[in-house]
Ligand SMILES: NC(=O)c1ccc[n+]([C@@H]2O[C@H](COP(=O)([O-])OP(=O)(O)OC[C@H]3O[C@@H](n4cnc5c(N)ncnc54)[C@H](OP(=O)(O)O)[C@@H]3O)[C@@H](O)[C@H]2O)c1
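A lone chain, given as structure tokens: the form predicted on its own.
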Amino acid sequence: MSNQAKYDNPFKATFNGILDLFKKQIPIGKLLDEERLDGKTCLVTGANSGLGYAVTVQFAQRGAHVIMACRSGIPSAGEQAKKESGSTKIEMMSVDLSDLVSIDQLVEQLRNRGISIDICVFNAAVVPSGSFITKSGFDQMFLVNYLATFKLANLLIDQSIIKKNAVSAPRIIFVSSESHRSQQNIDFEHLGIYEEYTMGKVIALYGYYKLLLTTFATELQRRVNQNGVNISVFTLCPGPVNSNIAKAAPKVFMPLLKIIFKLFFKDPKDAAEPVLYLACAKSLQNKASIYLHLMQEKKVDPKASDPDNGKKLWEASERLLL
């Protein structure tokens, strides 16, 4: 079965995601208890639930000051994370990644407070029931799962909130998916153009937007590390996670999905392992670029590592934000 065929509908994507959990893997390493984040400031998008919430709690347990950048769950998710982690060094900041103005406001708040981010986890994503046009004219899933992250990452670097540092490089971590291998090519001609679609096309588009995200991450690494490693740029697929990301699925399928998620998908606490490793492992200090599938290092899809694709995607994304 081709990579594209593995992820072209919800049933195949779910089956292959579960199958990956049972395949033999050679882990990149194991994180030690003494590899901590004391004195580090971390920002996690989509941190109010699921994987982002689990990452927040474990970052805080390792000594980090964690900023939960979320659209909802304020302040309840933050208070719960404090209780669960036993740390008071957790705060929530509001951002709606389907609203470009909200991204500007978040960055302005961070800059005004003089906050410097050492580790940034771009985790937020949506799996809607179909197309939804935002006030900026972009489809919600395209905006949240790709373009908003492109904008936010660049603003954080341009505003020196994530500061280039050749001695102790900050780390940017993108939560992608193995489904980024599912699409044939990036359609630069129609990038960002709103088109209506139904639930049947959501999974294929999800993989396509993960391809865009992974291509961007690879190109970002090239651009920030032209003269040595100034920012580590890591990407990962956590595997299938038992979260509420599929909450927009048709109600008729929800009972079955809940059973499948509970039986076969990873608990967010366990699924957070590759994120924690990429954020904390001392062996990765000043590494330029890594992609993990679960805990195994792999190469990204050739389309995502193609420099020409990276350059074209970057330039096309900038034009969309003008």
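Just count from 1 along the sequence shown to find any residue number. Small disclaimer: the values here were computed from a predicted structure and weren't measured.
Below, we turn to the form predicted in complex with the named molecule, even though it does not appear here.
- Task: Scan 72, 185, 168, 112 and let me know which has any heavy atom within 4.5 Å of the named molecule in the model of the complex.
- Result: It is 72.
- Message: Can you pick out, from 107, 126, 220, 157, the residue that has a heavy atom within 4.5 Å of the named molecule in the model of the complex?
- Response: When the named molecule is considered in the model of the complex, the option within 4.5 Å is 126.
- Task: Have a look at 227 to 235, 186 to 194, 79 to 87, 202 to 210 and name the one stretch with heavy atoms inside 4.5 Å of the named molecule in the model of the complex.
- Result: Stretch 202 to 210 is the one.
- Task: Spell out, yes or no, whether the shortest heavy atom distance between residue 48 and the named molecule in the model of the complex is within 4.5 Å.
- Result: Yes, residue 48 is a contact residue.
- Item | Close approach of residue 120 to the named molecule in the model of the complex, 4.5 Å, heavy atom | No, residue 120 sits far enough from the named molecule in the model of the complex that none of its heavy atoms falls within 4.5 Å.
- Query: With a 4.5 Å heavy atom cut-off, would you call residue 265 a contact of the named molecule in the model of the complex?
  - Reply: Yes - in the model of the complex, heavy atoms of residue 265 and the named molecule come within 4.5 Å of each other.
- Query: Quick one: does residue 91 come within 4.5 Å of the named molecule in the model of the complex, counting heavy atoms only?
  - Reply: Because no heavy atom of residue 91 falls inside 4.5 Å of the named molecule in the model of the complex, the answer is no.
- Non-hydrogen atoms within 4.5 angstroms of the named molecule in the model of the complex: do 95, 240 and 243 all have one? Heavy-atom distance to the named molecule in the model of the complex: all three under 4.5 Å.
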